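We begin with a single chain expressed as structure tokens, specifically the form predicted alone.
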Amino acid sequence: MNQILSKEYLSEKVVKLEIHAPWIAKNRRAGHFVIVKIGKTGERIPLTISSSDLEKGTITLIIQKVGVTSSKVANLEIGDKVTDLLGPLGMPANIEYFGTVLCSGGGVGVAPLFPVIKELKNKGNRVLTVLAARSKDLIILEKEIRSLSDEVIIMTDDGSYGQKGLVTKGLEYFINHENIDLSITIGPAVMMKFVSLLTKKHEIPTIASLNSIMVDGTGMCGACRVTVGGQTKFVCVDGPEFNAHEIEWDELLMRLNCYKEEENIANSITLE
């Protein structure tokens, strides 16, 4: 159980791991995530399940090396075991026939967007997708996303691939040329904030999938709380999907950055 069966580098700091976890593979749905811990005293971090294989009894996680724990997970090799793996957690994505759905994924956020797009297509939706990253080497799962989307636009900050510009530029193109029934966005919180501002201006219903700081993943600790529509919600049990137009984005961004100093210290110690 919890053994790494395969490993693939999608970029220098983004790794895809296939982990043997039959019960989770059997019960997961698009939108579900797991809590991962490495070592008996390790930090617990949430990671969205990108896909699963029922025959092999495996789940696939895509991890970007950002902090100490994500780097430890990404550095695991084939044959290694994840100390603790809890899931599936959260509410599954609400997938039905909507019509034309505009999807946007930023960086490693494309990983949890992939199973959502897959289920949207299975329901007969027309799917338009914008993939965005800082540069070409950070665009992931392009082939898989193209195989499921009706149209795809690639945006890079530096113009090294696709079109130069932010994700909103690609979204505006589709909004100006299509009748959009729903928008779904997954990526860095600041990206999702500006996607939300754009779609709100055009009165397009929008769902954002959040990946906030978590500890237990069961709603007990309150670390992942977020204000939505003036009410306190917990990403781990009420989400991760919420109405993007009702999220208090500035509050969320502040909470996501509250441990930056500690993260820098932890990273510096690890590098030593």
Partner chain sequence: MISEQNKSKLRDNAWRVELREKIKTRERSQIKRVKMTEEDPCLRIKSNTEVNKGISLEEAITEARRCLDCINPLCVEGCPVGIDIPRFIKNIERNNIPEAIKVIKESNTFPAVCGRVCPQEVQCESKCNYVKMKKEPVAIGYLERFAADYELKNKLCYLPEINKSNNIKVAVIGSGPAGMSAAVDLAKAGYKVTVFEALHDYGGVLRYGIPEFRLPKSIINTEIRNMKQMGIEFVKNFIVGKTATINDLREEGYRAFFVGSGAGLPKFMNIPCENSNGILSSNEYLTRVNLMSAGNSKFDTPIMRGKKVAVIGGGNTAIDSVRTARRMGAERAIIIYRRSLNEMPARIEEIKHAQEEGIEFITLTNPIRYFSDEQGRVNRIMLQKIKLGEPDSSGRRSPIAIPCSEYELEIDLAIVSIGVSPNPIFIKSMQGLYTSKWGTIQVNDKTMQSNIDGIYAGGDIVRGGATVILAMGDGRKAAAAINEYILSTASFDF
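Positions refer to the first chain, counted from 1. Quick caveat: nothing in here was measured; it's all calculated off a predicted structure.
Omitted here: the form predicted in complex with the partner chain. The next part is about that form.
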query: Distance check, P205 to the partner chain in the predicted bound form, heavy atom within 4.5 Å; finding: no
query: Touches the partner chain in the predicted bound form: V66 (any heavy atom, 4.5 Å); finding: no
query: Proximity of G57 to the partner chain in the predicted bound form, heavy atoms at 4.5 Å; finding: no
query: Heavy atom of F242 within 4.5 Å of the partner chain in the predicted bound form; finding: no
query: Which of 176 to 184, 86 to 94, 108 to 116, 151 to 159 lines the interface with the partner chain in the predicted bound form (heavy atom within 4.5 Å); finding: 86 to 94
query: Three-residue site K40, K72 and D216 fully in contact with the partner chain in the predicted bound form at 4.5 Å by heavy atom; finding: yes
